[in-house]
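Just one chain follows, in the form predicted on its own, and it is written as structure tokens.
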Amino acid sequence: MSQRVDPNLMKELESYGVKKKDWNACFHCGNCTAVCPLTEQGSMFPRKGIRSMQMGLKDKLAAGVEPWLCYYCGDCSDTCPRDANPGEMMMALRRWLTSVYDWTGLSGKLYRSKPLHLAVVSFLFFAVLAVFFIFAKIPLLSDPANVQLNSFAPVHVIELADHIMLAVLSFFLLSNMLNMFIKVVIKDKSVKIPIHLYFKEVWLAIWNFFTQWSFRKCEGKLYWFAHLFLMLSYMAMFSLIVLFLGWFQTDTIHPITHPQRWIGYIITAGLIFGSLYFMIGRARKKDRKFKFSHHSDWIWLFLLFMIAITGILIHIFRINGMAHLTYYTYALHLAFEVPMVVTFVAFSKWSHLVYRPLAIFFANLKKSTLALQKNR
């Protein structure tokens, strides 16, 4: 089947972080495939995606899953004889693919423009503060030690806002996932996947979603742990906020042994440890995988860190009866949380947590289908 060449593809990819000197330097020696711990026998990963990119095969690149199979161990870039930095190319291609799946075009705009991304985050930040300034009422303090958080921010109002935001973002993310499925599976006429394989292979995708198990094949287990701890902590926090806010946001101060408190402490530890680990790594730039940073990386990490810091400060102020500080910090906490959820969950960094296991799922579906055809 003929493939249409897009002469503007490389210029487009450069706006997502692909460096001209890198893609132009690769001459497909095979070193990256040989050293990558994630490469399977007979696979051309990650060269297949780089080749499609160099040839301007936009549709083929959009239908590929190779960039999602990469966890950026850094071995390929460290040992590349041409210093083409294939690991960083895979990272930039993941940004581009995220924009390809997103039918709204917002992902692409946020990834390509640092000023726009900062402007959107700033607008949402100040919009949340404005809502609190206009509508929130600070309770009268007959007893200064009596912190009435649910009078300042009624849990049923916050919960309703959470559910509306969840519904809207779920619509965008699910529709983008469907778009990915169409591009990667439906439009691929070379394989016809039997229905029963979808049920057989889905469990491995779920396992990879919660464990990032393939990541463990890379050297440097601390990198895997920091990534996993950060991801699980944010998922737990997001679930508590959306599904169990009435249990988590209460004016009752539970003893330290209560699950509400130690779950909160673990989540906070995960967010602070993970965000600091990646910020320090990106600031020092000693490790290859931290050498190059996109503006979305820094915005994401900053918001995560501030969410964690304001979250634990709310708790400290509340249990010590510091009412006004509790209320003001709560408003700040949501002012950091809303931009994170709106710009990253469906349109940027956090959406990768969905696309990666989906890519593994689709790749395994095709591999299992080909194996069945071969054995017939």
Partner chain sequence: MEQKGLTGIYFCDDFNGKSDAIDTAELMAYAENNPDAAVTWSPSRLPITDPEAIAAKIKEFKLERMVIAGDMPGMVKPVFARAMAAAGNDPGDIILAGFREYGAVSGADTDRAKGVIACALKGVTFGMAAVPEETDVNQDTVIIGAGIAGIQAALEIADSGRKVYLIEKTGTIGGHMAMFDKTFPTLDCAACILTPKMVEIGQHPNIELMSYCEVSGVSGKPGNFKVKILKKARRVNLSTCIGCGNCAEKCPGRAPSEFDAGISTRRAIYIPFPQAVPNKYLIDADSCLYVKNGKCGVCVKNCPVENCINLDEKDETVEVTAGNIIVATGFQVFDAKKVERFGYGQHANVLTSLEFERVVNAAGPTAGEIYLRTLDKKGNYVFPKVGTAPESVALIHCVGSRDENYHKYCSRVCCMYSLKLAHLIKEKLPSAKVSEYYIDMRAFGKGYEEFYERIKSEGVNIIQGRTAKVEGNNGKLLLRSEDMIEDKLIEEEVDMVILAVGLEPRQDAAEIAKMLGISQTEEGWFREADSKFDPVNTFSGGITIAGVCQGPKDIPDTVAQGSAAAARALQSQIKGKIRGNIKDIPLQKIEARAKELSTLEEAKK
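Positions refer to the first chain, counted from 1. All values derive from a computational prediction rather than experimental measurement.
Keep in mind the form predicted together with its partner chain is missing from the figure; the text below concerns it.
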>> Does any part of C36 reach within 4.5 Å of its partner chain in the predicted complex? Heavy atoms only, please.
In response: yes
> So in the predicted complex, does M44 come within 4.5 Å of its partner chain, heavy atom to heavy atom?
Replying inline: yes
>> Test of understanding: in the predicted complex, would D287 fall inside 4.5 Å of its partner chain by heavy atoms?
In response: no
> Does any heavy atom of C80 come within 4.5 Å of a heavy atom of its partner chain in the predicted complex?
Replying inline: yes
> Can you pick the stretch from 111 to 119, 221 to 229, 72 to 80, 165 to 173 whose heavy atoms fall within 4.5 Å of its partner chain in the predicted complex?
Replying inline: 72 to 80
> Taking its partner chain in the predicted complex, which residues of 14 to 30 have any heavy atom within 4.5 Å of it?
Replying inline: F27, H28, C29, G30
